[in-house]
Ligand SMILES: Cc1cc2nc3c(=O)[nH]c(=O)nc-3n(C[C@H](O)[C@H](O)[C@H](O)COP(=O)(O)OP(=O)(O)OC[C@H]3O[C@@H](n4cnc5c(N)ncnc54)[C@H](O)[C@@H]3O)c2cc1C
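Only one chain is given next, in structure tokens, and it is the form predicted alone.
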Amino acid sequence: MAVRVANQPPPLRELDLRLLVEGVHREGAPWVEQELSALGSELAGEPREWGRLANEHPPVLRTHDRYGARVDEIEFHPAWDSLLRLGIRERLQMPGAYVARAAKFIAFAQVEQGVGCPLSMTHAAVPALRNEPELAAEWEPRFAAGALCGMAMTERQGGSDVRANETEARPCGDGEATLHGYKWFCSAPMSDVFLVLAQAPAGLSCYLIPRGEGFVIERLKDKLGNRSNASGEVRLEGAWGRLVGEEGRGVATIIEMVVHTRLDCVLGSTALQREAVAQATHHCAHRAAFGKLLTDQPLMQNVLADLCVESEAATVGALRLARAFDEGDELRRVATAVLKYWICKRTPAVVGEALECLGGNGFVEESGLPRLYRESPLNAIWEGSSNVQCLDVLRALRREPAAAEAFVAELESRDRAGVEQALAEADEQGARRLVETMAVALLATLLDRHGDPAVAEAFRAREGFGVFGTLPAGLPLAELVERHTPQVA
């Protein structure tokens, strides 16, 4: 006998882009709305299933001999290849209008994050390669056609301290060198070319290395999340490379790539928050308990509204940061690290609370929330962990006074005093407190200036940033939730 199943929310197929559309109009890219809407409709269909399949069938390293030489190949599920082609079609791997790309990247990353890694690094490699116009002229057309750029900086003994790297570059004339050493973490080892840091006679230097002879993939990483994407350990056995930038100034050369990938960390975490909140609000709008819908239960409404406020703040902040890149604004120097720290740090809490809104359903793989939860800590670690971001802010404030001035100038007067006091008292031990103060002030200003008034009021009404669901009485909680609940056709 068939069992009647009631009170089950329908699967969420839609991708709600209302706030992204608002954002591209606000930040100077209204022309992309039609493209964004078309992409959102496409992503809501088969690509959602591609994301699931790509994570359930992670890449596999295949090593074999060919004509007496070792060949390393990474085998991906066809779903991964389909997602990658879609991202390349949308030119997410190429520089251009940052706000327009940011909105598309966020929409894409709501469906699947793993493919974002090679797309992001390829996009970010171009500014670094432009230090050598000949290399840029050779590789930019290849990237546009679908070639990918990975990165290998991290070594076992140094981690974030890349100046401790031991990989050796042996010059062989005309900016060329052979590289010898071991990289504990190589992002997207299936790429066509890589930016690599190595010790040259004049010091740590940046090299562009094609994948081929001398580039040996030791193994792929078994990671907590981001499982659809390949990350590996590589051994360099005389791999040929070309110097990028000045010898001995490898960090200065590659830092422009890092700045751009940090922007994508902000975008990716924003996407995770948006997807988690969409799933939670959708579930609660269709699930009843104790006589009424969850979304109408006062305490659940408070939790959902709090999550919605957090997600909208991240979206507004991410798109404003993208405009700073479009305009070459000095704001980006400090704001990138500030928002990378804050938004990426808040994301695991947002996703965890959203998962709990689904109860036991959220703990089951079919809901999609476990995959989001496993993914959520990554962007806080990638391209410099939280402490690295905070120390980078301190360095920038001390060495580049104009960067601090640009940040303070962005704030509304009501937010400046607290930041100026925090800047005056800044020290290394209190760096996280400083950056939190800066982040909250910036997001409060941006919500006042650009966000929904009710969201801005709720953001300021918070008594702290601990447990969600503690918004004070008197706020239009139902309106906040409705603003973020996906509109199901």
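For every residue, the number given is its place in the sequence shown, counted from 1. Values in this document were obtained by computation on a predicted structure and should not be read as measured data.
One more form of this protein should be noted, the form predicted in complex with the named molecule, which is absent from this view; the next part is about it.
Only one of the listed residues (Ser367, Asn131, Thr167, Thr154) places a non-hydrogen atom within 4.5 angstroms of the named molecule in the predicted bound form, and that residue is Thr154.
The contact residue chosen from Arg91, Arg163, Arg414, Lys223 relative to the named molecule in the predicted bound form is Lys223, the criterion being a non-hydrogen atom within 4.5 angstroms. A residue is said to contact a partner when one of its heavy atoms sits within 4.5 Å of a partner heavy atom; Gly384 meets this definition for the named molecule in the predicted bound form. Mapping the unseen interface onto this chain, Val388 counts among the residues with a heavy atom inside 4.5 Å of the named molecule in the predicted bound form. Mapping the unseen interface onto this chain, Leu378 counts among the residues with a heavy atom inside 4.5 Å of the named molecule in the predicted bound form.
At least one heavy atom of Ser187 is located within 4.5 Å of the named molecule in the predicted bound form.
Stretch-level contact check against the named molecule in the predicted bound form with heavy atoms at 4.5 Å: of 146 to 154, 72 to 80, 96 to 104, 355 to 363, the positive one is 146 to 154. Against the named molecule in the predicted bound form, the set Met121, Gly159 and Ser231 is in full contact: each member has a heavy atom within 4.5 Å.
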